[in-house]
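Below you will find one chain, with nothing else, as C-alpha cells; this is the form predicted on its own, and questions on how it binds or moves follow later.
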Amino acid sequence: MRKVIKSLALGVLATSISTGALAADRYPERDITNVVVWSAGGGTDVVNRMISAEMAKFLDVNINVTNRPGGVAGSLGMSYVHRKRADGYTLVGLSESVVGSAVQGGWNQKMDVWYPFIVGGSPDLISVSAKSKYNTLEELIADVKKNPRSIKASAGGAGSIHHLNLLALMNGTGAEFNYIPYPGSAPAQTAVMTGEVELVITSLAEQQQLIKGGNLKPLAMLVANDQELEGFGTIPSAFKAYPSLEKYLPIMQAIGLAVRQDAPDNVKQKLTTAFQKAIATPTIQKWAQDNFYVLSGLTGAAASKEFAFLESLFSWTLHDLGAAKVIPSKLGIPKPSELN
C-alpha cells in the first residue's frame, strides 16, 4: 500500500513539474499585471505604463498596470508581488528608491529576489534661483569652501538619490554644504525659488520646466557630458571643473520593472526579448529624448549588479545618517567598497 501511495505521489509530482514546464514554454497565455509600487502619475508610473504598452506588442497579450503604493520605500507593492506565484504573470514596477526598504524596516528581502529590467532615468543637476548671485559652479564651491556649511542645499529627503548626489558632490569637491531635507523633489525645488536654501539637486526631467520658465538657473550637470536644453542653452558638466567627481559620480536613477528571480528561465527570456525590443522602439526613444531620460536597457545579471550597487550605497548611507532601522550587514548587504 505504501508503495502505491509513494508511486502516486511521485506521479503527481512529475505531472506537476511537467505541467509547470509546459506552461512556462507557452508563456504568456493570458494578460500580465504590472504592479507599480509608487502612485499613479509619478515618474516610475509613467515609465512603466509606456514600457509595458510597448512590451505587450511583442508578447501578444495585454500588460495591465496598477498601483500599490505605501509601506516603506515601496515595500507594500514589492511584498504583494513577491507573494504571487513566480510564473511571470505579476511584475513589479520599481525604481532605485526601493533599495533602502529593507534597512528601513519595510521588509526583510534583498534586491536579489528580483530579476530586473532597467529602462533608465534622468540625470541630476545643480541649480540655484534665477535671482542668485552665482552663475557658475566654481563660484559657488569657492564660497562654501571659505565658509563651510554656510550655504544651504536641498536635495529631497535624506537617503534619496538626490541626497546621495549631494554627498558625492561634497566628497568630490571638498565643499561642505548645510543639507536641508525636504519630503520630495517638488518642495526642495520650491525652497530654492523662495530663498529658503541656495541650491537644489534634483533631476533634469523635474527641473526642465522651471529652468525654461526662468525660475531656476542651472549651474552644472552631475554627469560627464554637457546637456543642451532647448529654450535655455548648454548646461556644462561638473566633471570639467572637478575631474575628481569621477570617483563618486554619476549615481543615476534606475527606473524599470522586475519579475521574481525564481521565475522559470523561459519566462525570463521571453520578458527580456520583449523588453529589449520595446526599449528600441521609436516611441520609447522619442519619449526619452523629449524628457531627458538616459536609456539603460540593462537586464538580467547586469541589471541585478546595478541594483546590488545601489542597494549597498543607499543602505549604508542611510545607516551612516542614522536613518536605518536594520544594520545592512545583518541583511547580507555588503559595503560599496566590498563589492566586486
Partner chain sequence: MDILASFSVFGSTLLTLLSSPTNLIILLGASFAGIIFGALPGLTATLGVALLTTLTYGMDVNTALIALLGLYVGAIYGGSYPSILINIPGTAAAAATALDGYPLACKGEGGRALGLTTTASLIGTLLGILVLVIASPTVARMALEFTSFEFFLLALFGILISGTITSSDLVVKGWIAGLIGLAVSTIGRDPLQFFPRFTFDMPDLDQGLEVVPVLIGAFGIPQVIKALRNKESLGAMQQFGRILPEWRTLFKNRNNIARSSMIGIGIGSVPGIGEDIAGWVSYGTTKNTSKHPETFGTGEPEGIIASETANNASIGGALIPLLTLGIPGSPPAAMLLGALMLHGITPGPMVVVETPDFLIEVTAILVLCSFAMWINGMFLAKQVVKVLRIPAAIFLPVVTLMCILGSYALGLNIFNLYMMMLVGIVAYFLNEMKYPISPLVIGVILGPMADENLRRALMVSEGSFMPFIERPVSIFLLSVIILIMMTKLPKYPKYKAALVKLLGLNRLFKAKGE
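Owing to the predicted nature of the structure, the values given are computational and were not obtained by experimental measurement. Positions refer to the first chain, counted from 1.
Although it is not shown, the form predicted together with its partner chain is what the next lines describe.
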If the cut-off is 4.5 angstroms on heavy atoms, which of these, V72, V223, V144, A168, is the one near its partner chain in the predicted complex? V72
Contact residue in the predicted complex, from Q269, Q209, T136, Q261 (heavy atom within 4.5 Å of its partner chain): Q209
Indicate whether the candidate residues Q227, F275 and I279 are all in contact with its partner chain in the predicted complex, with contact defined as any heavy atom within 4.5 Å. no
With a cut-off of 4.5 Å between heavy atoms, is G213 one of the residues that contacts its partner chain in the predicted complex? yes
Considering non-hydrogen atoms and a 4.5 Å limit, does its partner chain approach P250 in the predicted complex? no
So in the predicted complex, is its partner chain close enough to Y80 to count as touching (4.5 Å, heavy atoms)? yes
In the predicted complex, Y182 touching its partner chain (heavy atom, 4.5 Å): yes
Out of the stretches listed (242-250, 114-122, 172-180, 261-269), which one is close to its partner chain in the predicted complex, meaning heavy atoms within 4.5 Å? 172-180
For the stretch 218-252, return the residues whose heavy atoms include at least one within 4.5 Å of its partner chain in the predicted complex, in the order they occur. none
